[in-house]
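First comes one chain, alone, set out as structure tokens in the form predicted alone.
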Amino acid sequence: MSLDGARAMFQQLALIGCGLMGGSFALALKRAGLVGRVVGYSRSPASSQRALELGVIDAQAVSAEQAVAGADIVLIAVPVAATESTLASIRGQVTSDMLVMDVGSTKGDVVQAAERALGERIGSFVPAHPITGKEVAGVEHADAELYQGRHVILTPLATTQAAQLQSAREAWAAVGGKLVHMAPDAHDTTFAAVSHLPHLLAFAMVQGIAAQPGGEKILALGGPGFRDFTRIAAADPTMWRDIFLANKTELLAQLRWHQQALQAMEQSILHDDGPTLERQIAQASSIRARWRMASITQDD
């Protein structure tokens, strides 16, 4: 499955979940000339039918098992809570030379689900998490540029076959991804802090304002700062429900750190302690000023 040379491509991609993430991966592989055919399946036939109409997939399967038959690369792009049942449904079609990946935002639960569902075929599975997305869902918003220049976290297992890991690296690099390897638990701790908690806070802020008397009028006067802070609150509710519950231990630990920081600032305000409050703000301001997105260059 090397990607070198004019004839180097995957013969068939099985896309399980024809939405934004999966559709974007299919379009990116197609544009790069790295896949001969894409067979798609979604629980909602309307989703895979729309993907077919848009040219994201080339054929529509009636089941995940049918989509995987004959594929040499499989992308599972479903809510993390559906990972185990999806992998279990395709187990009979998974071969030792097939590459199977997911795009889930949590990894510890995904790894455990894969081990249960795939059994001795677990060597074909490479857990992946591309750090990208949009506030809108659906294959209509699929974009071949979605992964360009964005980190893709791989959390291979001890049982992952070397050939599958190399193919995963090459495939994600070919669609523009910047590869980073992490252990599943380190991944979940990191993204509880920098992704899951921010989403939780954005949802809570919008709810907190809307629940107040006159909340709608208050929201109507929100400016650019409010817009930017709460942009991610428009995200898919089902997906984020599953992420919060799947990574609840790490998310709750991060929430406690955040509560401590809020309580410290609350005390400064309560006691009119301007110098301490200014130091707290200055510390955060300095850290944020030095921060640069996507500064990791590690690929091993």
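The structure displayed is predicted, hence computed values, not measured ones. Numbers follow the displayed sequence, beginning with 1.
Below: the form predicted together with a further copy of the same chain, not depicted.
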{"query": "Candidate spot Gln60, Glu84 and Ala137, all three touching a further copy of the same chain in the model of the complex (heavy atom, 4.5 Å)", "finding": "no"}
{"query": "Candidate stretches 103-111, 201-209, 167-175, 88-96 - the one whose heavy atoms come within 4.5 Å of a further copy of the same chain in the model of the complex", "finding": "201-209"}
{"query": "Close approach of Ser42 to a further copy of the same chain in the model of the complex, 4.5 Å, heavy atom", "finding": "no"}
{"query": "Contact label in the model of the complex: Val126 to a further copy of the same chain, heavy atom within 4.5 Å", "finding": "no"}
{"query": "Partner proximity in the model of the complex: Phe191 to a further copy of the same chain, non-hydrogen atom cutoff 4.5 Å", "finding": "yes"}
{"query": "Exercise: Leu251 in contact with a further copy of the same chain in the model of the complex, heavy atom 4.5 Å", "finding": "yes"}
{"query": "Stretch 228-267: residues contacting a further copy of the same chain in the model of the complex, 4.5 Å heavy atom cut-off", "finding": "Asp228, Phe229, Thr230, Arg231, Ile232, Ala233, Ala234, Ala235, Pro237, Thr238, Trp240, Arg241, Phe244, Leu245, Lys248, Leu251, Leu252, Gln254, Leu255, Arg256, Trp257, His258, Gln259, Ala261, Leu262, Met265, Glu266"}
